[in-house]
Every structure is written in structure tokens, then in C-alpha cells.
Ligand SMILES: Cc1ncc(COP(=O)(O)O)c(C=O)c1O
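What follows is a single chain, given as C-alpha cells, in the form predicted on its own.
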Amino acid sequence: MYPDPSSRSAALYERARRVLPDGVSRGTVRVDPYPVYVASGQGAWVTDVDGNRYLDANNNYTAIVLGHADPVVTEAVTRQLGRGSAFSLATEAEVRLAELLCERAGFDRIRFCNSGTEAVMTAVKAARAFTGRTRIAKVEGGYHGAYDHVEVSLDAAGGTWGDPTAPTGVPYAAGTPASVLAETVVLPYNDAEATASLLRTHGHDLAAVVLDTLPSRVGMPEPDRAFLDTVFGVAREVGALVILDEVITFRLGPGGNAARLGLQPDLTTLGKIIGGGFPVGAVAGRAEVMDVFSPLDGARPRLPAGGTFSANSITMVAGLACMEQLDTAAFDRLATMGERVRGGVRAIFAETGFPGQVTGDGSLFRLHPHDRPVRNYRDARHDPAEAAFMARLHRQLLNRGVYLTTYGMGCLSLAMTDVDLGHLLDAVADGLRAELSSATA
């Protein structure tokens, strides 16, 4: 049972704290009182260093879509390892993955990097290079990686976030320069009228709007069509680009969520599943905008961009082996699985009388410990009691062999079977009943 002070995970955490700040290299794996240390993963399941098995409903924060140690990806990577992992030259694998992604999603051009964070950062720089402007706009609560400007108002609290129709820019990390706040316009998600006003007010120096159409930290609410049309329409009216962040939502269909929603962004950022389980990022978009990376007429590019491990051979062959398996039938199956999970959780909430809800789309879902309508970040943000409840529910699920994020977001992989989905729903039902019983004892 977690936590167990005598476990190997607990001992590893004590070792780690002597050499790593807070014992981890990424805060997202931190669980109180210690993180679970994984030993292996196979298909839909992971095994920790103590021999406990968990159905992985986190999948490295949506990056794993086929399951762990997929045999096709493993074979492609093993073969490439014998040929070399990274070179200071270009490779055919980069071209083949680029061709596949451009054909599926309708991109004119694409350029690879090493993470979703790097992709968003590079896309913002590309928009600035193309427009000659500096300011960007982003949604309150929207997560776009660890870059100062897109971290603004990522975790704003009630006493700091200001007017709901004109949110105050709130720094995420200590030491964020005031200039970053001044260069970032914060938009209220799903508020078309307020968004139009803010974009027009700042449009003269706005380079781009960065948008996720199913933002996890905002609660995964369905985007209003009027809001989407406003973002795209007013951005073009004022001469700003639209950067669609599909680092997560590209798992919703062959052409990502843009294709499903009929959207045509100027730039798109990608990551996670397109690397087949290896570090990856990409910026894609219109040829005219992507030309900022090109030395046209022999001149220096408007945006010089390198990267020692960008488009490395291992990631490219793994990404190709993964994406080739994700045909329309695979995405349809993921969507069907997601509907079963979301519908099952709703039934559990109704049966237990718990005032919760579940949002999401495709293979993505998020549990909410409240029943207030979720349209934006302020609706979804947990108060202290809700956050504490989710931490306890997370532990209940962990002790029933299910691993998902501490704040209730989960995703599915193609390695999951009907039995696995039943296990997930049983764990939610049993864990919720146990928590409710404990609260009334």
C-alpha cells in the first residue's frame, strides 16, 4: 500500500534528495510523500521498483499512445541504434516523418525540435520574426510548456487574477521579469466578446495568439464555436498569427483537433505522440510563415534555429513507426474507448451521488470534484478542499492499481483492452466509495 516507508521507492527518494532538488527532475512526477519509481512498462501497464503494477492512465502526460515498449517502435529503434543515434548531418527518416505529418494535417512545412516547450517557444519567435511585433496573447490557465511568456497566468489564484473579462497577468515562477507580463495579454477562455475586445485593444503590437482547443489545465471544456471564430477572425483582422498548440490534442485524430474543428492556424506546435515515446517537438504551418527559418536569396534567416538533438535519428524512426500505426481506425478506437470511460465515470458519480463531472474528448479525460459548469480556468480551478480531495482520490486509485495525474487528467493508449478499461472504472468506483465512506465516518 502507498505510502510505505519501507518501500524501495521511499528509499530511492531519500537517495535522490541528496543529489536532485526535491529529489526529482520534473515536478509533475512528485507525489506526497514520495514519488513512485517505475522499473518497467509493457503495453498498458507499468511496474514499480517494489513490484506493484499499475494501469497507466497517465502515459507520460499523454505522450504514449500505442502503449509501452510497442514492438514495432522497439524494432525500428533497435535497428537504428546499430546505425547510430544522432549525427551532425540530415537523415532520410526526418524527411519521411515530415512528409507523413504534412500530408495528414495539411501543413506546408514542418521543423523538428526536442520538446513541446521548445516547439511553442520557437513558434512564438517565428511569429515575432514574421510580424515584426513582440506581444503575444494566451488563455488564462493555458499550459504551453516552460517558457516565460506562455507561463503567464498558468496558475493564477483568486486573489490575483483580476477582472474575468480582462484577466491580470500573473507570474508563474518567482523572478519572472515585469517585461514578460507587459508583453503577454491574458484572454478568458470561451468568452468571445471579452476576447475580441482584448485582441483589438492590443492588436497593433500583437504577434500571435497561442491557443489550445482542449486545454487540460483549463479543465478540458468544449470550446465554444463563437470563441474559436473570434480568436481566428480578430487575430487576422489585427494582423496577428494564430499558433495552435496541438502538443496534446494531436492524439484526437489523424490531422489533430484542427482538422476535427475545421480550423486553419498559421502555425501549429506538436510533440508527445509524434516522437513514438522519445523526446520530440515540431513547429509546422504555412510556407510563408515557415520561411522565417530559411536563408532566402542567400541572406541570413530571420530566425536562425539549430538544436544538437533536433530530428535525431532515434526520435525520427520511432515517431515514424508510431505514426504509421495511427490510422483512422486507431483514432476511432481511441475515441470509442474514451467515450466508454467518460460515460462510465458519469454513471459512477450518479450512482454514488457524488457531485462530480468528467470532461474531455477522444482518448482524453479529466475528473472534476464538483458539479459547477466548466467553461474556463476559473470554473475548473480547485479550491483547497477540492485539491485535497483529488490528492486523496489519487492515492485511492494508486492503491487499486491505476496511475493518472494528481489533478484528475488521464488519457488512454491503444494497448488497453476492455478488461483494462473495466479495471480503471472499477478503481474509480471503489476508490470514490472508500473516500466518501471515510468522509462520513
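Numbers follow the displayed sequence, beginning with 1. Keep in mind that what you see is a predicted model, and the values were worked out from it rather than measured.
From this point on, the text means the form predicted together with this ligand, which you will not see here.
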Stretch from 333 to 341, 219 to 227, 240 to 248, 367 to 375 whose residues place a heavy atom within 4.5 Å of this ligand in the model of the complex: 240 to 248
Contact flag, G362 vs this ligand in the model of the complex, heavy atom cut 4.5 Å: no
4.5 Å heavy atom contact, K138 and this ligand in the model of the complex: no
Residue contact check: P171 to this ligand in the model of the complex, 4.5 Å heavy atom: no
Distance check, V209 to this ligand in the model of the complex, heavy atom within 4.5 Å: no
Residue (of S294, T160, S85, S115) lying close to this ligand in the model of the complex, criterion heavy atoms within 4.5 Å: S115
Interface residue in the model of the complex among P188, G253, G356, G145, criterion: non-hydrogen atom within 4.5 angstroms of this ligand: G145
